[in-house]
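Below you'll find only one chain, the form predicted alone, shown as structure tokens.
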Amino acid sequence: MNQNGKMFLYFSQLVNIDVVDKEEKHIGSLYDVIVGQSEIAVYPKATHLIIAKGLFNRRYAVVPWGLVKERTKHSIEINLSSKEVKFDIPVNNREKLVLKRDILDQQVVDISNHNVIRVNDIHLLIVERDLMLAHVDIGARGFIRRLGFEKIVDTIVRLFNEKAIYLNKEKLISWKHIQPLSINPVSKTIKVDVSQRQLNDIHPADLSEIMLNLDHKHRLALFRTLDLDTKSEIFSLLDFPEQKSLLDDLSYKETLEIISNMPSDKAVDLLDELPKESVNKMLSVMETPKAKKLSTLLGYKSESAGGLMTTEFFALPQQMTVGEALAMIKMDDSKPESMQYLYIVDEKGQLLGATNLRRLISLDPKENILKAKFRNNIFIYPTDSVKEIAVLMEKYKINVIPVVNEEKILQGIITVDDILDHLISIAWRRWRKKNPAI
């Protein structure tokens, strides 16, 4: 391939140029480029070029990139005769990453900066005969270049300011930091590629913000690529309108999996907003222990302790030794919302007291765990108000408080985050009522 002394070129400089056969006869024009991705290569390499022919009755041919013999400024020569190039080949394969269709003008995720960006051009690297995807161009100059006005605009800008950022600083982002949102229109899922691993490393709070900046189809596609735990965390962070928007497009099975995996208090907040018929149907087919917990919680008002509590907590039987308790904690695979406090209960499940890991590890492993409990056994009832809970938390300087029923049987816990979430939600709704136009 003739590099013309250049190591880089833009996709806008390549697309639509003439494609000629080995006898330099015109075949068509370059329509798109297919790139392949692997676990090893950071920068995808061109595997095929897509050639278009015809104006109104357009047909396409796919040719391996390895058959490219020479590239000049105005044409690409391939090592085939025009008769060997077969047109009318389908080019809608969603399993392949295609530059124009999947990247150019598309919303992509900048993994490094946790931003949603739009690609104005694609920066390509030439290494011997290989063409590799190096960067995406998100700057205004990339868009001007594609319109064919780069030289004119550059001249005008240079007349006024030769040191203008527009001329001297390209807005390029390395491909290794990019997650393309290439959507299958049928399944509405994103094709998972090597950068998916980096996407999974983004904190769910950041991912939820990224999702809110995407249009609906991309939001759903991105959501479906995530693992169940991440989906559940993100779903817990979204407001109900965004949750409802996703639920409308998720299958019944997907919905059940997410709700079953959410913290109980967050799941109840969601179910509380849904039609009762739908909720009853979900609970009837949901895993029995989880359904029972949610059914119980749904019986309480949302502003009460019962409505705010989560039923995920760590309880220790009173007959245990300290050593047995520590072994149990170490081996348990469950993920209670808060491990800050551990609760000691009798054989009926009645709350006898609370402790923490620090107190446990400071005692002899042979001691009974009751030796580790705090002096005060502080708890609240499911019908207690948010105000009453907040007063107790402030009085005793605690961030988590257990909830018991009339028989003192432990029902759940409430964290200070649950209280803050509730108060912020109330404040937000009041603000929205006063500022409906914003």
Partner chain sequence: MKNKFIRYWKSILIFFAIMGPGIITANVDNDAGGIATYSVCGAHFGYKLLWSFIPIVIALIVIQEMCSRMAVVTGKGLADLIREEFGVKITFYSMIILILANFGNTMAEFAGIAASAELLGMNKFILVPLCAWFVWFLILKGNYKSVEKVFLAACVFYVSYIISGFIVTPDWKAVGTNIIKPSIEFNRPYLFMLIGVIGTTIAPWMQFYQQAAVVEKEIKIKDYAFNRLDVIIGAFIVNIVAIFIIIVCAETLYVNGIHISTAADAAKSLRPLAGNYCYLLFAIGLLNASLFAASILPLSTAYTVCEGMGWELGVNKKFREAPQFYWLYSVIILIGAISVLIPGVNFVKVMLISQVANGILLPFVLILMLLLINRKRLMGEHTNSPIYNIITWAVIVIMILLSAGLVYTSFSH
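Whichever C-alpha set is largest while still superposing within 1.5 Å between the two forms counts as the rigid core. Numbering follows the first chain given and starts at 1. Not measured: the values here are computed from a predicted model.
What comes next is about the form predicted in complex with its partner chain, which is not displayed.
Here is the short version: of Val119, Leu316, Leu270, Ile178, the single residue with a heavy atom within 4.5 Å of its partner chain in the predicted bound form is Val119.
For the options Ser245, Asn79, Ser278, Asn161, the one in contact with its partner chain in the predicted bound form, meaning a heavy atom within 4.5 Å, is Ser245. The three residues Arg146, Phe149 and Lys217 all sit with a heavy atom within 4.5 Å of its partner chain in the predicted bound form. With the partner left out here, its partner chain still marks one of 341-349, 307-315, 217-225, 257-265 in the predicted bound form; by a 4.5 Å heavy atom cut-off that stretch is 217-225. Contact between Arg359 and its partner chain in the predicted bound form is not found at the 4.5 Å heavy atom cutoff. Its partner chain is not drawn, but in the predicted bound form it has a heavy atom within 4.5 Å of Asp105. Contact check for Asp110: every heavy atom lies farther than 4.5 Å from its partner chain in the predicted bound form. Proximity of Ser208 to its partner chain in the predicted bound form: non-hydrogen atoms within 4.5 Å are absent; the residue sits far from the partner. The two forms, fitted on the rigid core, differ between this form and the one not shown by less than 2 Å at the CA of Glu273. Positional change of Arg101 between this form and the one not shown reaches 2 Å or more at the C-alpha, relative to the superposed core. After superposition on the rigid core, the Cα atom of Ser232 is displaced by less than 2 Å between this form and the one not shown.
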